[in-house]
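Coming up is one lone chain in structure tokens, specifically the form predicted alone.
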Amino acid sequence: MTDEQFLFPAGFLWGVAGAAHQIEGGNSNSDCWLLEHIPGAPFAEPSGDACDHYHRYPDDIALISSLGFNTYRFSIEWARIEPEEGEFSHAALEHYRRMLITCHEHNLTPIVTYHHFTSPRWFAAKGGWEISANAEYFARYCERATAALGDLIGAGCTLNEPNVGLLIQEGGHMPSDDEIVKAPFRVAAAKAVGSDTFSAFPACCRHRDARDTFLKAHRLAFDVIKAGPGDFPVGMTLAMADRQALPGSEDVRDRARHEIDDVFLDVARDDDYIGVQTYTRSRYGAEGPLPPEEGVERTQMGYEFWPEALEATIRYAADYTGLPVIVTENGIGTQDDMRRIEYVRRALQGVQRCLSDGIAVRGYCYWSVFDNFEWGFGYRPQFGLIAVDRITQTRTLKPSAEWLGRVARTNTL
């Protein structure tokens, strides 16, 4: 099979993805905004105006459509919709409704993520995702948002990467749960909100406790979203790596996979699809996770250039759950746009092989539409198909944007 001979299925979702806090700007009621301004917190810089997508979405959505994409995955911001406990903003809901209408006007299927890492400050002050009972707050928010927006949603994601904290901890890039609780910046944030139970995912959160709350919240949210209005597929997205074990280390790999992936995939079996989000591979030896080998190509995020990871995670998620797969995120942070094209080309060849073997892959969303705020890394990593001038907010298409847009328009590599 050559690239040119393979046509993706009719109706395949070709999209780009973004997240509210990373591109909208001014998300000042959120837990993340608070942490960005706490001395010692793990953020290179504050998010600030981000890409000002909150105001510029009409032109941005038109641009996405003009490139040839048929799907836009974005998140709605809980901290805007419910800025204080029980106080819902009709203006914020109407804003997201206008975004959805604009997507439909430009023939884009909107995939809406209800929670992409950030939460309202009041929720964080109540212990956030560490407290099991708080799952009910999330379900209430999802119910209100769906009541206002559900008739226009094309697909829904309850939670974005609820396992990502565990994944980052495994790689040694985040303190342990015990260390997080004692972190001075968490103590300072708690003081700022007047609560000693402050917890914000994923920067300062006990991730083992949060995992159980997320699992409960997902099932509650799934049910209220499916109750309507609207009739659209609902699932969650997981951060997945191609987990490879050195000979004799398979048990080490499998234990990690169970703790980080399988407990979520077990719950996802009752969903309409599973969202796979993959960027690289993880290697395991007898003692646990291994760093990338010496001399391998790395991305701006520090992990290995390994586009073949996507095929492996699609296969694993589909086999484990029996569900259709939507690739809700896949991409690379790099200054070299030709390497971006090479990365995506090889990743999509893996998607082709999955489809050829009868795996139900429904779509592919590249992360991300813009060079945006990349959490603790600030604005240094460049994941976007579209560059954004941080002063003027001018959008500039990269060659990769037009290349992937052609793939989307022709439905073939």
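The first residue of the sequence shown is number 1, and the count goes up from there. Predicted model only: the values in this text are computed from it and were never measured.
The following text describes the form predicted together with a small molecule, which does not appear among the structures shown.
Note on the partner interface in the predicted bound form: the residue among V193, M174, M301, A92 having a heavy atom within 4.5 angstroms of the small molecule is M301.
Residue in contact with the small molecule in the predicted bound form (any heavy atom within 4.5 Å), chosen from T146, Q277, S119, T158: Q277. The small molecule is not drawn, but in the predicted bound form it has no heavy atom within 4.5 Å of S400. The small molecule in the predicted bound form is not approached by Y54, whose heavy atoms all lie more than 4.5 angstroms from it. Contact check for E329: a heavy atom falls within 4.5 Å of the small molecule in the predicted bound form. Put simply, Y364 is far from the small molecule in the predicted bound form: not one heavy atom of it is within 4.5 Å.
The stretch among 129-137, 252-260, 110-118, 176-184 whose residues place heavy atoms within 4.5 Å of the small molecule in the predicted bound form is 110-118.
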